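A single chain comes next, written as structure tokens; it is the form predicted on its own.
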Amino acid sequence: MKQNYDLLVIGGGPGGAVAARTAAEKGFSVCMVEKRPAIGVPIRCAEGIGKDVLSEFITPDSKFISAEIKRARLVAPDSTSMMLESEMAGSKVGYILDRKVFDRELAWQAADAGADVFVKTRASAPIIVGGEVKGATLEHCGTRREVHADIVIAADGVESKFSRWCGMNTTVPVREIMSSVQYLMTDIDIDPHTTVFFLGNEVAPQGYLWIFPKGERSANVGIGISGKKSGAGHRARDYLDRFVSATFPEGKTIECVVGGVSVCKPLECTVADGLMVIGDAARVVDPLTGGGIYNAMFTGKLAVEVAEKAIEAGNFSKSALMDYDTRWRESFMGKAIARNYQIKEYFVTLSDEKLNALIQSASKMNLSEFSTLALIKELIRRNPKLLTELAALRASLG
């Protein structure tokens, strides 16, 4: 580990690894640190990603793809189903990854490109000089050292401690943290090419329960519910255990992961002097689905593109880095996050009866192409009152 780098990346997930790889490929000196002893674990993710967006960052490879998904099924509280076939969804259906292999592949690519990569290395404090972030104090395998960098990229996940230490407000309201539990189950009867989403306040209040195939008889079976709905006797795990007991009574659980997923608005600003924040740390998870792999990689690559110009100019001020914040917000990803936040805020208010009515309506649709926006537009056409309700919600949210 050197004392000085062009860029220091804190966090070795997909966003951090893509940032480190991109920086190294551009010829910059870059150090990526990960606090855990191994990259890719624990898996706090359902592991789904679209085919087209994955290909933007890495060539798909069977070694890190557990399943190819051809369709998705939505299940209403009354068990009404809506099937989204691949003919409608196209490349938006996608893959279920093996994140243990996938994350390590990205890290290896970063290292092969020339990045220094260190695991079991925790950033314990920022180095701030004249109000500008200039690196971090790192604790590596029992030793502490200062590592200086022109720019620090915070990719330290939903906990996002580093950006908070740098003075950013990273607070997430309890109601906008999904309390999540996921089991990796085997010996269960599933369609290995269909993801399934269960909705309803009795199944997953203000959230959803999912089955994401990982092979012929294996799947990620998980749930996310609103943090404000969690409590003694009705925590996320209680709902999941009831579902598993009823649906897969003979199934075997070989992994269990518990964690939180932010479904709030992104940080008010994702840059500071000498600092850019990406991925989950920037709160750019899709607030409707909780998906964040693509968004992390997108912001990781974009951050380095902006950093390149700043390094060439020798200007690492907040104003010099603001192009990163502006560009991701104006991108398709940023606009989707803003739209899906409002849709999420509407859907969490719905009763089971209304959810039933909407999915019954949706199940009769014949969409030429599936997307969240296309689905909402068609729902509004069939249920004109929905437009009024969404408009009222948008006004209340400002």
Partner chain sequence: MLQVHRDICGYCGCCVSVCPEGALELIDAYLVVGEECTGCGICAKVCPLGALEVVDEAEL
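Numbering follows the first chain given and starts at 1. As the structure is a prediction and not an experimental result, all values here were calculated from the model.
Omitted from view is the form predicted in complex with the partner chain, to which the following refers.
Engineer: Would the partner chain in the predicted bound form be within 4.5 angstroms of a non-hydrogen atom of every residue among K63, G291 and I293?
Structural biologist: Not a single residue of the candidate spot has a heavy atom within 4.5 Å of the partner chain in the predicted bound form.
Engineer: Which single stretch, out of 258-266, 111-119, 244-252, 145-153, brings residue heavy atoms within 4.5 Å of the partner chain in the predicted bound form?
Structural biologist: Answer to the contact question: 258-266.
Engineer: Answer with yes or no whether S317 is in contact with the partner chain in the predicted bound form, where contact means some heavy atom within 4.5 Å.
Structural biologist: S317: no contact with the partner chain in the predicted bound form.
Engineer: Is there a heavy atom of K134 lying 4.5 Å or less from a heavy atom of the partner chain in the predicted bound form?
Structural biologist: No.
Engineer: Hey, in the predicted bound form, does K214 get a heavy atom within 4.5 angstroms of the partner chain?
Structural biologist: Contact check for K214: no, nothing within 4.5 Å of the partner chain in the predicted bound form.
Engineer: Hey, in the predicted bound form, does A219 get a heavy atom within 4.5 angstroms of the partner chain?
Structural biologist: A219: no contact with the partner chain in the predicted bound form.
Engineer: Please pick, from V271, V181, M168, L106, the one residue with any non-hydrogen atom lying within 4.5 angstroms of the partner chain in the predicted bound form.
Structural biologist: Only one option qualifies, and that one is V181.
Engineer: Considering K301, R73, H140, R164, which brings a non-hydrogen atom within 4.5 Å of the partner chain in the predicted bound form?
Structural biologist: Of K301, R73, H140, R164, the residue with a heavy atom within 4.5 Å of the partner chain in the predicted bound form is R164.
Engineer: Only counting heavy atoms and a 4.5 Å limit, does any residue of 10-35 reach the partner chain in the predicted bound form, and if so which ones?
Structural biologist: The stretch 10-35, when checked against the partner chain in the predicted bound form, contributes only K35 at the 4.5 Å heavy-atom cut-off.
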